[in-house]
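Form predicted on its own, single chain, as structure tokens, below.
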């Protein structure tokens, strides 16, 4: 059973990590497309209109991939996690249904209007369609985040005599304080991804001498958006999300930070390697007292270490959690520096002459994907060994009748299918980028 549980977890981890490569770009890109359409209306600039149509095609390809890779995850609740679905389906099923009925249909319907209805809608109607695509994608993100937030910090529920969970306060569930900060942090992370992708395409066009007017617009918009969103990801949203973890999951905070002993004036570890045999951090580089200050706003505040909690509630894989968290934070810091440098060069009117910097921007676009993946790994590894924190253990939520062999077989099947989809996706994206914004067809009459 332990092997089967591990394979169930691996399968869901693989499918959801692969799936989230696509929504994070569409959710962020939806906002930037609205900005492009708004600039087109305000400045009466047709190049911004064409830019919006170009990025809408990139959006559509990612949207289709997100749909195809998202459907299997819904089925895995019934196939791999049947006991969890029986236990919590009455709660999480509501937001998952709302995501499909309200947000997904809203987004997909107006995406069709945006792609094919510009002439019929007119400039303002087309802007409205772009805004509704944005609204649908961000509503979709909220309903999914609420679902996850309840697993992280369950509220508004009760347990009956048979151990089944029931929703008692819908609004407490929907407005879970954990969800509010997690949502803002997640969506701004998606904006960081889209900003660096837009800027990277602009840098590529400029360095290769193609579509130069579009390159200017992509670089300016992408870097400005990256500068704002990368700062907001760190503060206040990242800071407040960290405080939620400290308040409701203190053992998770200790594991994330590599804090094995409870301390007053706890240091913030920048670099080091967890040693699980001796329960310490090897070769640490740290800043004294800073973890206490960041967590409780007092330099000498006590921060509970892992020694304050029973071993059976420690996260299952502390080294992986520690590294995922530090990768997320480290890359987030780099994004702020790269975007700030770009804004400085723009202000000094040297942005387009600094080819070395444009190479950095062009090659930087994969790293927000890595940072977002590491962020979700931090959230999900930190919640372990619980499926619903403090209520239902992961080991008690798996399907008892699905063997490890079945899970392994389907996992290999997903890997093969997704490898094929990856090749198709890369081909379609490269084709659109090579054609450029001027290749985008004019709206139908």
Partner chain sequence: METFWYIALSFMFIMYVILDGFDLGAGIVHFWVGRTEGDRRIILNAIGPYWDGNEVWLIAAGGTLYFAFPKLYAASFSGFYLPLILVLWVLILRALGIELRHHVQHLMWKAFWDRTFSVGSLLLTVFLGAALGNIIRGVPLNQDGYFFVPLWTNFLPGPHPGVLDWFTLLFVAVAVSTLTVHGAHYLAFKTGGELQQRAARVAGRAWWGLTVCSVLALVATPAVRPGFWARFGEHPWGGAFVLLSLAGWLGMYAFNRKGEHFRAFLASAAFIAGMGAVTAFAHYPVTLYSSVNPAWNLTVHNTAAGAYGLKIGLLWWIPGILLACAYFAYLFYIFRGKITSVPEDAGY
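No experiment lies behind these values; they were computed from the predicted model shown. Residue numbers count along the first chain shown, from 1.
Not on display, but discussed next: the form predicted together with its partner chain.
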Problem - Triple contact flag 84, 169 and 414 to its partner chain in the predicted complex, non-hydrogen atom at 4.5 angstroms - result: yes
Problem - Contacting member of 35, 67, 41, 395, with respect to its partner chain in the predicted complex [4.5 Å, heavy atom] - result: 67
Exercise for the section: Go through 289, 364, 79, 237 and name the one with a heavy atom inside 4.5 Å of its partner chain in the predicted complex. Expected result: 79
Problem - is_contact(residue 419, its partner chain) in the predicted complex, heavy atom dist at most 4.5 Å - result: no
Problem - Close approach of residue 241 to its partner chain in the predicted complex, 4.5 Å, heavy atom - result: no
Exercise for the section: Indicate whether residue 21 is a 4.5 Å heavy atom neighbour of its partner chain in the predicted complex. Expected result: no
Handout entry: Contact label in the predicted complex: residue 260 to its partner chain, heavy atom within 4.5 Å
Key = no
Exercise for the section: Can you check 355-363, 224-232, 243-251, 108-116 and let me know which stretch has heavy atoms within 4.5 Å of its partner chain in the predicted complex? Expected result: 108-116
Problem - Interface residues of 87-115 toward its partner chain, as seen in the predicted complex [heavy atoms, 4.5 Å] - result: 89, 90, 92, 93, 94, 96, 97, 98, 100, 101, 102, 104, 105, 106, 108, 109, 110, 112, 113
